[in-house]
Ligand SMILES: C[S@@+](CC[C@H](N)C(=O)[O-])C[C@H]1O[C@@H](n2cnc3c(N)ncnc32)[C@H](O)[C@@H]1O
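Just one chain is shown here, as structure tokens, and it is the form predicted on its own.
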């Protein structure tokens, strides 16, 4: 079902954008890696989960990193590949559900990023996503997650009340037919701490555009390391 929803979304966008510039929160994470963790931003093996049309993956490849991009929408992957070709860079783009086993070797990635891509996984898929990310990430490798925050988000709470999803703290976006999960700080820490050390967890408020309207939403920005 998810593949159909996201394929339709990338063909006729309601929520996603098709911008080419890297996302600001990803750039901020990369600056943190370089400044606080003293990690050079080149020659890294990077996995971009839910890479969309390649805005983060292509940027990372331009920095001379080895990048793999997973995305469930074939349309998005085709556009990402076309953009990479135009930029004369190489990215290993694959049509892949991030809630299914990854065709990657153990301990093969230095960095994994997930920018609001795992929100729509169900609980079974989310457990696979967490265990697979931990499996492919090297010891001491870093994991950046941006995900939906429930704390202080009245819009999220209204969605859960009015359009409840089938699982805990989920709601159904009826326009897209998509089920999304939101997290309290307690829930996020309990879930991710099973696999990773959370180095920084920040709540960020921003605005999401949907059907030409702007909605105030809260997000978690998490910087983590595999222990």
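Everything numeric in this text was worked out from a predicted model, so none of it was measured. Numbering follows the first chain given and starts at 1.
FYI, the form predicted in complex with the ligand isn't displayed, but the following is about it.
- Residue contact with the ligand in the model of the complex: residue 51 places a heavy atom within 4.5 Å of it.
- At a distance threshold of 4.5 angstroms between non-hydrogen atoms, residue 16 is in contact with the ligand in the model of the complex.
- The ligand in the model of the complex is approached by residue 115, whose closest heavy atom lies within 4.5 angstroms of it.
- For residue 55, a non-hydrogen atom is located within 4.5 Å of the ligand in the model of the complex, even though that partner is not displayed.
- Comment: the ligand is not present in this chain, but in the model of the complex one of 80, 121, 104, 149 has a heavy atom within 4.5 Å of it, namely 121.
- Interface residue among 91, 145, 98, 109, judged by heavy atoms within 4.5 Å of the ligand in the model of the complex: 98.
- Partner contact region in the model of the complex: 70-78, out of 83-91, 152-160, 131-139, 70-78, criterion any non-hydrogen atom within 4.5 Å of the ligand.
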